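Only one chain is given next, in structure tokens, and it is the form predicted on its own.
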């Protein structure tokens, strides 16, 4: 079944700084919220000028009846411009794009693992899982970041009833080390949902294989068109080369040739 993708002029509702270089952008939308699924993303045209030319792909963080949110970090000129967009301005949006997480495999012991900006789509996922009440116990959310100042959305997950554990590289909050170390300490059953840097996802795939439990991973790749035409975001899988923007961004960890 062909997924519906829309192009809209979305009004900026708010553009709030969450932490140094991190922003939450809220946009109005009549059609995207109704069809968006956790793990999908939108393609945002940063400005009406010719530069920056390419749209920016951002994972859908949360949705409302007539709005949705994205999180982003200022890492270059495009995201710097996006951080300066004001309420009342309009942005050209294409979405929802890509294949999201499969919620039908969610079990009593679902574990969500987020590295850095990987918290963005997993917040949306946690909301869906909490509403479906697929767990007799709390959802477990593991968040990894470089420092305590880069730990995002912990309160949002807690407010959803999730059990939240944190790891930071410098030990300034939670475990000193990697979020995958937290994962290895948990009695692994059920399924894993993960989003974050590729080294983290590669390690999660190995843990998943070792413990014979399924894992779905959302990949972060550079995208140009975002609709599968340019082949700029292909990865090698057991099914051959596949496009992160089209066949992904979510894949079963066992599908990917790491």
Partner chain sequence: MLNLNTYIGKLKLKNPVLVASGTFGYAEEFSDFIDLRELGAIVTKTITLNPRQGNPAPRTCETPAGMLNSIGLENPGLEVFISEKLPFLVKTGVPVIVSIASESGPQDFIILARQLDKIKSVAAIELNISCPNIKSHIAYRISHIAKLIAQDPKSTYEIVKSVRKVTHKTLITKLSPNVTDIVEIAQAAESAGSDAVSLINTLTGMSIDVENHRPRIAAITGGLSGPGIRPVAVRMVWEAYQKVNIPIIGMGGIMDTSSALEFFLAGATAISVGTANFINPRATIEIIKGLKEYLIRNKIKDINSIVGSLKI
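Values in this document were obtained by computation on a predicted structure and should not be read as measured data. Numbering follows the first chain given and starts at 1.
Separately, the form predicted together with its partner chain exists; it is not shown, and the next lines address it.
- The single contact residue among 206, 219, 213, 224, judged by any heavy atom lying within 4.5 Å of its partner chain in the predicted complex, is 224.
- Put simply, of 197, 232, 190, 33 only one has a heavy atom within 4.5 Å of its partner chain in the predicted complex, and it is 232.
- At a distance threshold of 4.5 angstroms between non-hydrogen atoms, residue 14 is out of contact with its partner chain in the predicted complex.
- In the predicted complex, residue 94 approaches its partner chain with a heavy atom inside 4.5 Å.
- By the criterion of a heavy atom within 4.5 Å, residue 202 is excluded from the residues contacting its partner chain in the predicted complex.
- In the predicted complex, its partner chain sits within 4.5 Å of a heavy atom belonging to residue 5.
- Contact annotation for 39 to 72: residues with any non-hydrogen atom within 4.5 angstroms of its partner chain in the predicted complex are 45, 50, 51, 52, 53, 54, 55, 56, listed in sequence order.
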